[in-house]
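Here you'll find one protein chain in two forms, each presented separately as structure tokens under the names structure 1 and structure 2.
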Structure 1
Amino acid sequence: MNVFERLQYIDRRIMYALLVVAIAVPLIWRINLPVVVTPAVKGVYDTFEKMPNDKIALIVVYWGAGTVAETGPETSAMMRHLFMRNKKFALLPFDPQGSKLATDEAKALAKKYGKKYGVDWVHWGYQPISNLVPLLQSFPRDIKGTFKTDAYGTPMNKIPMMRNVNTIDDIGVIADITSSGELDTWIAYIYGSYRTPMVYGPTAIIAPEGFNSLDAGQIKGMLMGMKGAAEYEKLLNAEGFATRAAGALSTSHLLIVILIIAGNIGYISSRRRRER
């Protein structure tokens, strides 16, 4: 078997081993691959930057452990941004796993930036998804009447940062971070009625569904999965897991392209040799 024939029949165990190396190296060692910030991600950043300090952001957690590799870094990057700018936010999870994961990340970031629960951030409590529409009809007019206590049973009127938060007018930005397709519901009930600025953090596979809303101005920006989170980390000058993981995506994709090219070179060369 000559070299061209060998290119067509590379042992799959070798290819898997190369793929493991291509993924592991950027995760373990820092490799400075270029990260280009897209306008959609810049839109999310600018929307939070412009949010008045007397309003809070609402971070909707609509994801679980199955997509934490993408939605987790998106959530973390937005919370980090708000802590860095001394802006307050509330978590509103619709997934029990996502509630725990997002809360743990908020606690870790709060400790890093010296922020306190109830003063700088609050957890409004897990809500079942079947309650989404009634909740969207209720909380814009009366937040404390809808969420009577936080996730730990503390009455809302006893939480310092909630004292002046009563209606949708006190919310500056809503961030929908999701692995599902409920964005249209939020736009219909919230943006359509109150024009509250919204940003979107979907998984990469459902990101195309957000472009119509982005082009229409119904959402002000969008993070597209892991890549979007890496771009956001660059804007914050706080490179983390998303930046390293995006590097692993790039090197693994590059390896696959190289293997496809090698296989085709081997096939074309072998065919030409047989035709002579």
Structure 2
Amino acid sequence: MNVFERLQYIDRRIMYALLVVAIAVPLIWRINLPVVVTPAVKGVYDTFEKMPNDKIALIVVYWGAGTVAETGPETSAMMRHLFMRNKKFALLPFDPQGSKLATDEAKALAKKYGKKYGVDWVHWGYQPISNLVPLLQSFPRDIKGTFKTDAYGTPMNKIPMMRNVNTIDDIGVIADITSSGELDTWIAYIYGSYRTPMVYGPTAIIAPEGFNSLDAGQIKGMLMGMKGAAEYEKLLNAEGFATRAAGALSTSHLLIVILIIAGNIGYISSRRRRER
């Protein structure tokens, strides 16, 4: 077996070690690479920009600690955008971990932009995902009757920014940030019935499914994982974690491509030898 043929049998531990290096090095020593904004990300940005100030955005958090590297920056970028434009939003988490992580991020951003809880943002309280369909059937017609209190037990009608928020007509944009595939349920029960503009923030692995709804106009834009968040940060001109991690994303993808090419060189070499 010659050197080329050996390339198709690289030990997986070597690949793992190379991946660690490929991810760690750009995080320690930053690599500046161009971030190109895709139409899907521009769609998210424009939808929030066009949202009237008398309406609120609803940020749906259906992700946990497992995917925080991708969905965390997406959520953060959207909340940052809303705070920057003095628009209000409500958090609606369907994951107990995501609830805390998103709330902590919202608190940190609110402090940075001088925003107040109850006036500029509100937390509608964690809801079990098994309750999604009954919730989507009832809250559009009666938000206060469905949720009754916020996450801290304050009645909805005592929260300043919720005074004039009663039905889905008072929601300007719904952002579904998720590591799962429940977008179709939102489209079926919310977009299908009320035509509320929706944007999507999935993990990169489930993003290809979103193009279907994007093309149909059911979602106005989409962030494709951490890369999407980096593009969004570029549009906001506000650098965050996603921009810093874009280098690590590039090197790790490049490593995979190099390994695939190496494997194929080995495969072709051994095939030629067999044919001879």
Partner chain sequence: MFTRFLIKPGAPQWLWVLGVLGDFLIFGGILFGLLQLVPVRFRRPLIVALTFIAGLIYSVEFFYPADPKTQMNFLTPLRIKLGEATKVVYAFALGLGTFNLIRFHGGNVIRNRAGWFYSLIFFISFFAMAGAGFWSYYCPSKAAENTYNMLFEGIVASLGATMFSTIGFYIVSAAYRAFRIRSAEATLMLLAAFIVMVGQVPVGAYITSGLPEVGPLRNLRLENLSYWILSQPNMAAQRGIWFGIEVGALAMALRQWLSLERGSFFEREL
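Structure 1 provides the reference sequence; residues are numbered from 1 along it. In this text, rigid core is short for the largest set of C-alphas that superpose within 1.5 Å between two forms. Worth saying up front: this structure is predicted, and the values here are computed from it rather than measured.
Assignment of forms: the chain in structure 2 is the form predicted in complex with the partner chain, the chain in structure 1 is not. The candidate at the hinge, the spot where one rigid part hands over to the other between the two structures, is Ile31 among Lys158, Lys112, Ile31, Asn53.
Rotation of the smaller rigid segment with respect to the larger between the two structures, from C-alpha superposition: 21°. Core-based superposition between the two structures puts the Cα shift at Ile261 at 6.0 Å.
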